[in-house]
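Below you will find one chain, with nothing else, as structure tokens; this is the form predicted on its own, and questions on how it binds or moves follow later.
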Amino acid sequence: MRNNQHSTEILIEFRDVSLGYGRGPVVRDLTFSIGKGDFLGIIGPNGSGKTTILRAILGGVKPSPGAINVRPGLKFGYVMQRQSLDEIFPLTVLDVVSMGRLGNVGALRRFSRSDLDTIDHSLSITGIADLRRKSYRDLSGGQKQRVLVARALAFEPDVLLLDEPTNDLDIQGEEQIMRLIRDIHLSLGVTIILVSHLLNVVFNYVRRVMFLKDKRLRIYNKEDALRPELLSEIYETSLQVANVDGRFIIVPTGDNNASSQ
């Protein structure tokens, strides 16, 4: 499916792309673009190819066939799914966030004043400046996730890629992380590409939604995607959409015959 709903300045473009790891495609015939300032949510079941698309954007998976065009000089920040640091080492929050700056200065160079200011800003915008001397391994799950987001921001990315950023968080932690991502998008103008399997997380924050199913994609503006009949058809179960105090809630109705409607 081809999509023409994007910002004027295209940052990333997929043209008839198939992606896989040697045993046939995980996803195929992907044609879409991501514009500057976009906030795209990628939704699909486990194994549908969501993470594969992120890896392809980063150059870790090559299309066969097809072409992926990335604007020259584009900088990416990547927060990986269920990422864990080796907690044998007593890394502080500052140590971890500073790692994000190494892509700019190299491993053997000292940080400049500008680098240190960028690290401080990343700590501040993610709300963890007061934790800078804390051991990373002693933090809560939500705090660790903020540290990993701050590390990605320290690279000063144009595009922030997040793979299941609310995994293993409780409802409060999930909401706090998603509000942080939204604030980063709005205040810094960073383009966001968010992978998640949680419909209620995605729909309350993104601008556009990409559904992956049966190795193919469908992509919609959020408002167009929030149709019960469409969601029910995609997920093959009857779903209802409610708006409660300005928040979208997607729930099953218990009717298992939705796919035949």
Partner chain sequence: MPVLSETPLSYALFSMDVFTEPFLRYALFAGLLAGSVCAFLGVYVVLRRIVFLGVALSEAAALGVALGLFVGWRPEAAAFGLTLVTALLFSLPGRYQILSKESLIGWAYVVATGISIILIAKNPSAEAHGLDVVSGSLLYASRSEILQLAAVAGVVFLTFISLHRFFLFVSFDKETARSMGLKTTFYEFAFYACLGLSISLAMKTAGILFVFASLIIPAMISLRLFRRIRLILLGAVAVAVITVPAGISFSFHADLPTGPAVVCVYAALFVIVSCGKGLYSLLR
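Numbering follows the first chain given and starts at 1. Model, not experiment: these values are computed from the prediction. Think of the rigid core as the biggest set of C-alphas that the two forms share within 1.5 Å after superposition.
One more form of this protein, predicted together with the partner chain, exists but is not displayed; see below.
Partner contact region in the predicted bound form: 95 to 103, out of 95 to 103, 120 to 128, 164 to 172, 179 to 187, criterion any non-hydrogen atom within 4.5 Å of the partner chain. For Arg151, a non-hydrogen atom is located within 4.5 Å of the partner chain in the predicted bound form, even though that partner is not displayed. Taking the partner from elsewhere, Pro90 is found to have a heavy atom lying within 4.5 Å of the partner chain in the predicted bound form. At the 4.5 Å threshold, heavy atoms of Val70 stay clear of the partner chain in the predicted bound form, well away from it. The closest non-hydrogen atom of Arg133 lies within 4.5 Å of the partner chain in the predicted bound form. Counting a residue when any of its non-hydrogen atoms is within 4.5 Å of the partner chain in the predicted bound form, the hits in 46 to 80 run Arg55, Leu58, Phe76, Tyr78, Met80. With the core held fixed between the shown form and the other one, Pro90 has its Cα displaced by at least 2 Å.
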